Structures are given as structure tokens and as C-alpha cells.
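Heads up, the chain below is alone and in the form predicted alone; it's given as C-alpha cells.
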Amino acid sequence: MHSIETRLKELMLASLAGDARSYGVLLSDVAKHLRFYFLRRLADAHKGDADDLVQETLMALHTRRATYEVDRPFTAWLHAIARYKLIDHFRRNRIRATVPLDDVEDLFAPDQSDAAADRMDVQRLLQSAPEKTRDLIYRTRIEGQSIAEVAQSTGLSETSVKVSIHRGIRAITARLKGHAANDDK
């Protein structure tokens, strides 16, 4: 099962490679997410502007698609574009966002930059493992599937899944220890 990030990034990469069908699916999927994003952030009096903001963001995605860095998360890049379009909308219409004091805690989201960096580190480490092993580790350790579920879906025995995961993690650990030793020199 693919995450939204994985699915949208795969569609973006295919569209950058010239796949028009993938590009159409990408725009359609992104439009749904953008509409929800804008509706959550617009006051009732401005909810009708959500469709215009979706279109503006899709146009910006289209015109700026060559600036997308393929080694970075797609949804973060898209979110930045959408956020700037929303800010432009607020400025153009002289809208000031206000929040009742009772809801002030909701304004301050927890800082997840460390979590994002950790996810990127994990992805980088997993890339060093063979594809089959990487998939097994990802499905069990990241997605939370059981050994039995993974064994059944891959056609491997549970023992083979466990051994592959164990060897893969051991190899990644050894690689990390090697890098740490080199950093100390």
C-alpha cells in the first residue's frame, strides 16, 4: 500500500518523464487534496474562493514543475505553492485571519522538522539495502505490517522474511558504524 506522498511523487516523476496520462491523474488527485486544504483554511464567507485557489495552484504547479527537485518530498513542494497562493489570496482580498483565544493552541503545530529529517535519513539508509530487503524492512518496520502478512503477500516463508529483515538491518547498522568510525577520524 502506497502512501499519498509515494503515489503523488510517482505520478509527478512519470509526468516529468512525459507521461501525459500520469500528469492528468496527478492534477486530478492533487485538485482533491488542494480543495480540502483551502476549505479548511478559508472562513465561511470565502469558501467559494476555494475552487479559484485550486486552479491557481494547479497553474503554478504546471508552470513551475521543472523546478521540482526529484529527491525531495513532492507534497512539501506542493504545500509550499498552495500556502503562497493562499497568502496571496488573503493579501489581495485584505483578509486578516483571526482565531478565538480559546483556539490559540491549535495555531501552534508541533515542530515536525526533526521527524521529517528522520524520515529522510531512514529513506536514505534503506536505499543502501537491496530492493527486496528494503521492501520487507519498510513494510514491517515503517508501515507496521506483521511478518505473517508480508510473508503471505510476497510468497516467502515467515522465516525467510525474518532472516532477510534481520540481515538487512544488520548490514545497515554495520554501514552506520563504519560511517561513524570514519567521522571520528
Partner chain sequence: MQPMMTNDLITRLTGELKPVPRTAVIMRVATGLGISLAASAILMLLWLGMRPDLAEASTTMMFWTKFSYTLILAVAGAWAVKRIAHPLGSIRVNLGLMAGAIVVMIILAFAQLAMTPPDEYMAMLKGRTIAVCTFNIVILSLPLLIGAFWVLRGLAPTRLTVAGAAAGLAAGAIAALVYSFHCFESAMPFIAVWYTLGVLVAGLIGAITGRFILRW
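Positions refer to the first chain, counted from 1. Quick caveat, the model's predicted, so the values are computed rather than measured.
The same protein has a further form, the form predicted together with the partner chain, not shown here; the description that follows concerns it.
Peer 1: Identify whether the partner chain in the predicted bound form is within 4.5 Å of every residue in the set 60, 67 and 80, based on non-hydrogen atoms.
Peer 2: Every residue of the candidate spot has a heavy atom within 4.5 Å of the partner chain in the predicted bound form.
Peer 1: Residues in which of 36-44, 50-58, 149-157, 126-134 have heavy atoms within 4.5 Å of the partner chain in the predicted bound form?
Peer 2: Comparing against the partner chain in the predicted bound form, the contact stretch is 50-58.
Peer 1: Quick one: does residue 20 come within 4.5 Å of the partner chain in the predicted bound form, counting heavy atoms only?
Peer 2: Within the cut-off, so yes.
Peer 1: Determine whether any heavy atom of residue 15 comes within 4.5 Å of a heavy atom of the partner chain in the predicted bound form, and answer yes or no.
Peer 2: Judged by the heavy-atom cut-off of 4.5 Å, residue 15 is in contact with the partner chain in the predicted bound form.
Peer 1: May I ask you to list the residues of 77-91 that have any heavy atom within 4.5 angstroms of the partner chain in the predicted bound form, in sequence order?
Peer 2: The stretch 77-91, when checked against the partner chain in the predicted bound form, contributes 77, 80, 81, 84, 85, 88, 91 at the 4.5 Å heavy-atom cut-off.
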